[in-house]
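Take a look at this single chain, the form predicted on its own, given in structure tokens.
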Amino acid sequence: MNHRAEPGPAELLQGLIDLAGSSGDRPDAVTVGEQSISAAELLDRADRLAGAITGARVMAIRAAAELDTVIAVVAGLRAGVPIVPIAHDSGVVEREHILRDSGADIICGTDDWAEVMLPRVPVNAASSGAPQRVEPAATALIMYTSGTTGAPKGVQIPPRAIAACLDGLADAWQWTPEDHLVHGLPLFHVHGLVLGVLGALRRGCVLTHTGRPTPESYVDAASRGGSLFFGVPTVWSRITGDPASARQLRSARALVSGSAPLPIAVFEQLRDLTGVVPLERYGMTETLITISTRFDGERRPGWVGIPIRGVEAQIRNDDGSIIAHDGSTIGTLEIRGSTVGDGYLGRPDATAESMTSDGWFITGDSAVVDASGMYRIVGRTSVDIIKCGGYKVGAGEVEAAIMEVAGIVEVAVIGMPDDDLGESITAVVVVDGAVDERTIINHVASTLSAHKRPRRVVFIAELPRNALGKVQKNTLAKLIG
């Protein structure tokens, strides 16, 4: 994919280094749950661990929401050892695949993974001498995709992509060392680890990881000076569901939502209760974050913004042509720029398939773009674009219409195989109270176009979601048959 001069470990973590050497360092510069540490102590502990792991080929980390995870990640960067974060609650098959595929030769931290035969390195390990100066690794992180279309693939993320992403977001969100970042996101995904940890360490701002991202924990952090809050839509939905807690976030400078579409109703409730208009952004493991609304720009519900600095975006039609900026024509989003990673580890075939001949990364997401250059993500092309009776229908548009029906708690719209239509629009809903199928179908037909109405409505107790709150539509399709 892209190959440019790499920033060294010191440059990637420059904000942390500056904070550690300044009078502004504080004992709670980094807090994860109940544990806090100063920037200077974090660097000291990380450098002692770095000395013990220098020379390793790849280091796996059991990436629980713990201070040890932060220390281990900083140590890997300082030692020039590529890091593979693995979900602390991963299953045996998943972690065996990741460890084997990544080529990890050590694993850091304590775990109960009895089947793992790699040498364990405790986070408090230390070398006998001073940490060695190392050349920056070509790969900083190997992060694995969700595996929705086969076994998870390892994405090689170089330091320059991380730096470009974080600096582009700092520009878009006016993110500075004076901020106090708060979130409770998993530390084995881009959102929680790259943005939520490395972002704070690069900027040199105070970081509070709340453990569980509850309304109470966010309110507590706000009372202690939190200014910049990250969350997935599920987090913001729970916060707006507790209006008293939401109002306590009125002191926040910015509320950022990502990893899944933020429902328009939640966007509006969050704005009304906090007085802060949410910032939304778009990205994926392979490209990091590429598109965002800006702190000093328009924030429109349902739209994720414009490309960040150093990134280009375009939408391509099925016939290969580039779609006009008309705000309505759906096509596949493509990305090019400095945040794009270095391809899939050991999978040159998959890497080649994901790129166009002129260097654009094919996201697999469908989108529209308007005359101002603002993008709206319609959904995952494979599951969120339903080809029904010759029409191309975006599931997100139908979901938004259904959410307007009184009594609807959650909805996912999917396409199910149909001999006549090709795919039949099917709505899977969670309700509170008595809501009948005909009411839902008629509302969509009258609000949108008749051809966009669901042909079937399935009532369910709970939608299946992953750790970041994304609805697992492939799983859902299997559940309802």
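Small disclaimer: the values here were computed from a predicted structure and weren't measured. Residue numbers here begin at 1 and follow the sequence given.
What follows is about the form predicted together with a small molecule, which we do not show.
Screening 409-417, 436-444, 30-38, 45-53 for residues having heavy atoms within 4.5 Å of the small molecule in the predicted bound form returns a single hit, 436-444. The small molecule in the predicted bound form is not approached by residue 215, whose heavy atoms all lie more than 4.5 angstroms from it. Not displayed here, the small molecule is approached by residue 234 to within 4.5 Å at the level of heavy atoms in the predicted bound form. Mapping the unseen interface onto this chain, residue 190 counts among the residues with a heavy atom inside 4.5 Å of the small molecule in the predicted bound form. The small molecule is not drawn, but in the predicted bound form it has a heavy atom within 4.5 Å of residue 387. With the partner omitted here, the residue from 79, 289, 123, 206 that has a non-hydrogen atom within 4.5 angstroms of the small molecule in the predicted bound form is 289.
Think of it this way: in the predicted bound form, the small molecule has a heavy atom of just one of 254, 273, 284, 264 within 4.5 Å, and the residue is 284. The Cα-Cα distance between residue 366 and residue 445 is lengthened by 3 Å or more in the predicted bound form relative to the form shown here. With a change of no less than 3 Å, the CA-CA distance between residue 237 and residue 452 is smaller in the predicted bound form than in the form shown.
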